[in-house]
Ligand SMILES: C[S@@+](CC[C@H](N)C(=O)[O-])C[C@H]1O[C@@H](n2cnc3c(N)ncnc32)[C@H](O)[C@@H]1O
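Just the one chain here, laid out as structure tokens, in the form predicted on its own.
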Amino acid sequence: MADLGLLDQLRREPDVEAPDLVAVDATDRLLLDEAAGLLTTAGPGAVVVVDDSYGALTLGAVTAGARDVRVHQDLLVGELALARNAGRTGLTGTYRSLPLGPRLADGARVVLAKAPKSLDALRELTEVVAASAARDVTLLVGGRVKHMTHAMNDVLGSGFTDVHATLARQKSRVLVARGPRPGVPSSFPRRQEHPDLGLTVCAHGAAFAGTRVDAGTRALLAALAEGAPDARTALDLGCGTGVLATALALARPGLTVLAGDQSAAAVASAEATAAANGVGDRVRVTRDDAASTVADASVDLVVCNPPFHLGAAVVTGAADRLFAAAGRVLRPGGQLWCVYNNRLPHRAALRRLVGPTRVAASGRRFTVTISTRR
């Protein structure tokens, strides 16, 4: 069992901290309890953790006896929180961060994972583990009961012969998969042609929207066609699968295009999308948080389709961080072209954080705005 005193020391920082937000949840504790016997006998380097929110699974596994734990976290904020919590608890150097791929799961005997939001993300995890882990591997996927479906069992069943669920505890449950099927192929990144846009879109499992091009992005692309013609450097802020960055590179051969996202799946997808469209050498993709690797006042044009699908209160705060980042990296006179759902009150924030803002296009669902850096 994980050291409860250690778990009590963990924090969410650099993510938002608040009294009602926790660094360790019931799913973390249930996963660690279900895996307790396996962790002590797995051997060095044989334990893998996927999408640890803030470090509870990784550091809990270490205190339970795991050594040289391999870790993949899609979100950069999770990696940073794990590193800080490891330092806080004296466990720096007890784990390695790796991309989602064969090296992550090679020879693994125990894999602990937080249930991803999409079935495609779970399918990619299933394929990776089934193809490269040890034959006696146990994959444990934990989540809140209300977010778990029978379709998740089916996805796990495509890679494993034995899939069952544990009893629920504190509204959490764990799916247990054993017996990896031989010859499970990799189906990621997936590709889809969009002839109407002249684009091929590639996506890994955890990338938002997959290989689709969402309606907001389409609205922004249509409005941007004649926009900011004198820009020399552009940034796709929160780039997702890289559709905007790739479209800009294709339409403007003289433009230097940057793209950034805190999701590892998004970064890998954007790189694949740019390469599939022949502009891989002209689109530089970086995993960062709100353009943290981009210099102040260094960009002429920022394009952004901020997240707005999780509810207005949460999304407004997330979008505001991106708007503030755009205001920081834009040169004076540079422009932020942004698209958002009509119901979201972003114009005031855009004026405050970037500069004068006007509407470039407006439809039934989406508004496209142009904000000019003061």
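For every residue, the number given is its place in the sequence shown, counted from 1. Computed from a prediction, not measured in an experiment: that's the story for all the values here.
FYI, the form predicted in complex with this ligand isn't displayed, but the following is about it.
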_For the interface check, one of 227 to 235, 259 to 267, 276 to 284, 136 to 144 should have non-hydrogen atoms within 4.5 Å of this ligand in the predicted bound form; which one?_
259 to 267
*Which pick from Ala121, Ala105, Leu244, Cys202 sits with a heavy atom within 4.5 Å of this ligand in the predicted bound form?*
Leu244
*Work out which of Asn305, Gln335, Thr27, Thr58 lies within 4.5 Å of this ligand in the predicted bound form, going by heavy atoms.*
Asn305
*asked:* Does any part of Leu112 reach within 4.5 Å of this ligand in the predicted bound form? Heavy atoms only, please.
replied: no
*Spell out, yes or no, whether the shortest heavy atom distance between Ala131 and this ligand in the predicted bound form is within 4.5 Å.*
no
*Any chance Phe208 has a heavy atom within 4.5 Å of this ligand in the predicted bound form?*
yes
*According to a 4.5 angstroms non-hydrogen atom cut-off, is Ala64 in contact with this ligand in the predicted bound form?*
no
*Output the sequence-ordered list of residues from 276 to 300 with at least one heavy atom within 4.5 Å of this ligand in the predicted bound form.*
Asp288, Asp289, Ala290
